[in-house]
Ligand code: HEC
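Listed next as structure tokens is one chain, alone, in the form predicted alone.
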């Protein structure tokens, strides 16, 4: 790619001007006059341009090809920061653990939701059992042991998303130990002292390993119905913190309004009920007056502070503002006061 200088541009303009003047002069000549051979416009322009073009100076411009010239190649360190997935036989992490190691830690960080033996608390996922139920069309029980095809999924998901609400807080040793314990609950690992690591991973075969097949069906493009649609005004959007399976979404509209605590009750129903309605992550249930009275001994201001800034201890985990950082401090305090409304202070 080349850039012409100002001299060349001026030559083009001059040539076009001369051509216009020549056309005007030719129109005034008589037909009897002997005319010299006419030079075409293109020839005149070429004759004017070429000498200037030959004398012009050029500046070569180089550009990169094969991309959009955006950003820079990712370094190995940057790629490693995103490349955290664990798949079957690929990218198996360091560390190791046993079911015996994982049992006590499971009781500490997992049992509140999944039960001490993986049976599931409330409507939280069941982790163990269910083998042989997948053919039951009415009530198949899909657990780690009955449904998941590879143990790598257990390692990946546990490390990536557990425990609620402190995802990616586990070390790889803890992840191997917890995974070993869940496999032990499903009788996939029979020895609680079996060392589960990248080397022994190949010895683990899940019951439903061959239960998944490649879907060869072609893509389809259905047309939208757009008939008998639900009235948008009747659709109520609820905060995601209620969570599917928490049970909270079933009772929000049934709660009677507590006079004088309207704001606090609204915040509780939308954010706090997920844990304080079920005891999730060690949260004291709203009706557990003994636990609340014990915590109030340190003062209401301390309880407010823990609710706003978060708290982690032997009694459980409290994420800042219940995980809903859009709440103001006053709204969090109102929710706490609502939960304490029946307790003498």
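From a predicted model like this one, the values you see are computed outputs, not experimental measurements. Positions refer to the first chain, counted from 1. So that the term is clear: the rigid core is the largest set of C-alpha atoms that superpose within 1.5 Å between two forms.
Below: the form predicted in complex with this ligand, not depicted.
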Next item on the list: Mark residue 201 yes when one of its heavy atoms lies within 4.5 Å of a heavy atom of this ligand in the predicted complex, and no otherwise.
Entry: no
Check: Though only this chain appears here, would residue 125 touch this ligand in the predicted complex if you measure heavy atom gaps against 4.5 Å?
Finding: yes
Note to self: residue 315 versus this ligand, in the predicted complex: is there a non-hydrogen atom within 4.5 Å?
What the structure shows: yes
Item checked: Proximity of residue 148 to this ligand in the predicted complex, heavy atoms at 4.5 Å -> yes
Item checked: Contacting member of 183, 110, 206, 86, with respect to this ligand in the predicted complex [4.5 Å, heavy atom] -> 110
Next item on the list: Could you check which residue among 265, 271, 152, 98 gets a heavy atom within 4.5 Å of this ligand in the predicted complex?
Entry: 271
Note to self: Taking 4.5 angstroms as the heavy atom distance cut-off, pick the stretch from 226-234, 130-138, 184-192, 165-173 that is near this ligand in the predicted complex.
What the structure shows: 165-173
Note to self: Need the contact residues for 283-297: heavy atom within 4.5 Å of this ligand in the predicted complex, sequence order, or none if there are none.
What the structure shows: 283, 284, 292, 295
Note to self: Does residue 270 shift between this form and the one not shown by 2 angstroms or more at the C-alpha, the core having been superposed?
What the structure shows: yes
Note to self: Given that the shift is 3 Å or more, do the Cα atoms of residue 160 and residue 322 end up closer or farther apart in the predicted complex than in this form?
What the structure shows: farther
Next item on the list: Can you tell whether residue 279 sits closer to or farther from residue 107 in the predicted complex than it does here, judged by CA atoms, where the change is 3 Å or more?
Entry: farther
